[in-house]
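The chain below stands alone, shown as structure tokens; this is the form predicted on its own.
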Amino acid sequence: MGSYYDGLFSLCGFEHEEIEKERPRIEASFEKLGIGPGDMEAACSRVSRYHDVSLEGVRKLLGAWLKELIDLVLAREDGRKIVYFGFPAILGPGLMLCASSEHVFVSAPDMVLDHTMGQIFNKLGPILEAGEANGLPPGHALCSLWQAKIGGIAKGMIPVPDLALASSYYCDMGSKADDLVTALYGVPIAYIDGIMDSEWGEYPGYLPERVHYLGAQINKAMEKAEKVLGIKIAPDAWQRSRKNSQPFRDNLARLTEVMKADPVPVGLAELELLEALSGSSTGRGIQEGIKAMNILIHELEGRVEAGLGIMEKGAPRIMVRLGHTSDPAVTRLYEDAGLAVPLTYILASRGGVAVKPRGNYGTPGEIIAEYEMTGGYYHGTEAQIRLYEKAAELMKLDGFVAQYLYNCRPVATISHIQKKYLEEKTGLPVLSLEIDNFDSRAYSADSLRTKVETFAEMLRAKKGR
């Protein structure tokens, strides 16, 4: 027997048999989330409008996010130990915990809520407001991702975790926000500290002491996780977790090659869906996402072979940091202005542009730390900017949109030096765009449109079109 949500789940790549199997879990999770029949028409319309659901791989990606949401909401009922981390994060510790016990659930709940309650259902606002009412008030430059996490817990949508993996190696607000989770709910925290103060000109080199320090921090956090969760991390946990996630990295490299095509075969909204899974899920979501990527890339290769794309051939090509996690209208803004987006930061750093590890470190924490250092994201300002520079040649770019979040210090601090450096080194125009990639209440598509459209006109004029 069908139900009111069958149409949405079919649209999001679920087979009939999957819906029947998941039905009890769908209904239990929807009850907690406050989703009912009245939400379905708007959700289906939103998904169809902003995502290329003609592609099976895109539909399956949306389904992967819904499966991750269901598992997140019901993790306590499933009898699992729950670990939350923030975004962006070093995934190694979470992957190792999952590889060591099937009874551990590790996720970035804020990103899951953004991509489902935001992107699909357009119901993120009340969750953010609950976060603001429970310790993260508006107007204080506090990250909206943390508001989503606190709000989701406060509203009883997602369970209180057994452990928080808190980091300050990139996001200096993360560890303090997890302190709030502890203050409100008594959750134990495993801190991972680090530094991002490389000298200019040092990258891709870095001092071994930095790997030793960050590695020691990761090892210490894993020791605490073992005690809190009552598990033992398997000796081969890192190797197994790397093997399980290798197909995702391989697919990013394949996708990088596909996106070199002109016209580009798919839009930024779909890139964002698949890229964000790797930093948000360590369980069913990412595994289903890998399957979806296999389907999607095959479909995109077919489009490239046929000379098909979502933009006209010769459209100006730009790189942006990332798409909007909760409001696809903002993500689509660039393409609505006539700009092709073949590359984002995550695709560039994980899809074959980054340098390879070259050290010989002994502990699991050090091995993870060096892997992350080579990507540049946790290395320092210069490493992040130079990745854009490499991307210009890789993708034959015509310009950059240097997004910066006023409430994210690691991103905001590089915004203007990034513009100056890239324009001088590459000769390409850079739009320095203040935005919030997680919350569009203050930075909506309408508020950003004039700047993006003006930039697009400038790029077209420069190309002589």
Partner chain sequence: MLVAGVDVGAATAKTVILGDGRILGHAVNPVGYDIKSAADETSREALRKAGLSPSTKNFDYVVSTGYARESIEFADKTVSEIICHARGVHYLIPSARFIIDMGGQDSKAIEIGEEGNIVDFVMNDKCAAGTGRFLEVMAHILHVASMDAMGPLALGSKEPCPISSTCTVFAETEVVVLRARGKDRKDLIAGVHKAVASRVAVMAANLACRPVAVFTGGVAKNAGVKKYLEEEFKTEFLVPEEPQITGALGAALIAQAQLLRK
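Numbering follows the first chain given and starts at 1. These numbers were taken from a predicted model, which means no experiment stands behind them.
Heads up, the form predicted together with the partner chain isn't pictured, but that's what we're talking about next.
- Partner contact region in the predicted complex: 423-431, out of 57-65, 392-400, 22-30, 423-431, criterion any non-hydrogen atom within 4.5 Å of the partner chain.
- Arg449 belongs to the set of residues with a heavy atom inside 4.5 Å of the partner chain in the predicted complex.
- Among residues of the shown chain, Glu457 is one whose heavy atoms approach the partner chain to within 4.5 Å in the predicted complex.
- Looking at Tyr443, you'd find a heavy atom of it within 4.5 angstroms of the partner chain in the predicted complex.
- At a distance threshold of 4.5 angstroms between non-hydrogen atoms, Arg46 is out of contact with the partner chain in the predicted complex.
- Taking the partner chain as positioned in the predicted complex, the residues of 403-425 that bring a heavy atom within 4.5 Å of it are, in sequence order, Tyr404, His416, Lys419, Lys420, Glu423.
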